[in-house]
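Given as structure tokens, the chain that follows is alone and in the form predicted alone.
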């Protein structure tokens, strides 16, 4: 895992430097307060996965003009906007090891800053002069909003199925990653086969990435996560490790697990016991297997492209998505 991470960092270091500069230069709010709220999250150590995916999806199609750096900021602004909104909705305390924005500023100000970032993303998308990029972004925002609403509606639902879970994470996570990859193909004027291949890569990578994230909620430490473990359970969100374990549990085990999930007071000792059950009932291993399957499908989607530095990077990112610790 360390070797994969080192290879990725070495290859993307110049791109990351340019992306950071572009994010700062193109934020461009009229109000200093908006800049401070947006910067609190934007420049707090994000991985810049989505901009990197757009940049190298464009380059794998032969587009390397420098404009791919500017256009890649679309997807980091979109991502930051959704995180600001999500933290308000979920009443989250921490994000990336820092206090969530709405704990420092009022929720209305944070939500409106999120709206501003969405508008910036659209303004930069318009600079591509590609209506289909704007259409992709419109579809992303619609899907992600509905994904959040769907998850809110199902909050606390103890019998959430795997199919329902997949529908939620497709809308919440996969569509944005898929859109970043597809837009790289669109600005490159790539043919339909290549566009479809990159959309497929992004879709499967997005599902794998979210499944890995859901695993980390039960396997990583607070320091590694930058927030408290067990956040999904505390917020009443059932994810795949828990869904699969519940399906394998006996009546008494399932009853106990439901009690732990429903308890409004978080008990660290019971959470540790629950984590053990996720191991013994196969929820952890099953989620790892499903995530690995999506990684394999993502990498297979790149088969139509000739070997290149960008292809190698996209393959490494797919592998890293399920090996990372944060």
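Just so it is clear, the structure is predicted and the values come from calculations on it, not from any experiment. Positions refer to the first chain, counted from 1.
Absent from the display: the form predicted together with a further copy of the same chain. The rest refers to it.
Engineer: Of the listed stretches (158 to 166, 246 to 254, 68 to 76, 124 to 132), which one has a non-hydrogen atom within 4.5 Å of a further copy of the same chain in the predicted complex?
Structural biologist: Heavy atoms within 4.5 Å of a further copy of the same chain in the predicted complex occur in 124 to 132.
Engineer: Give a yes or no on whether every one of 14, 39 and 49 sits within 4.5 angstroms of a further copy of the same chain in the predicted complex by heavy atom.
Structural biologist: None of them does, since no heavy atom lies within 4.5 Å of the partner.
Engineer: In the predicted complex, does residue 220 come within 4.5 Å of a further copy of the same chain, counting heavy atoms only?
Structural biologist: No, residue 220 stays farther than 4.5 Å from a further copy of the same chain in the predicted complex.
Engineer: Although a further copy of the same chain is absent from this view, report whether residue 193 comes within 4.5 Å of it in the predicted complex, heavy atoms only.
Structural biologist: No, residue 193 is distant from the partner.
Engineer: Applying a 4.5 Å heavy atom distance criterion, does residue 111 contact a further copy of the same chain in the predicted complex?
Structural biologist: Judged by the heavy-atom cut-off of 4.5 Å, residue 111 is in contact with a further copy of the same chain in the predicted complex.
Engineer: Does any part of residue 30 reach within 4.5 Å of a further copy of the same chain in the predicted complex? Heavy atoms only, please.
Structural biologist: Close contact exists here: in the predicted complex, residue 30 approaches a further copy of the same chain to within 4.5 Å, heavy atoms only.
Engineer: Among the candidate residues 118, 233, 215, 100, which is the single one with a non-hydrogen atom no more than 4.5 Å from a further copy of the same chain in the predicted complex?
Structural biologist: Flagged contact: 118.
Engineer: Judged by heavy atom distances of 4.5 Å or less, which residues of 138 to 159 approach a further copy of the same chain in the predicted complex?
Structural biologist: The stretch touches the partner through 138, 141, 142, 145, 146, 148, 149, 150, 152, 153.
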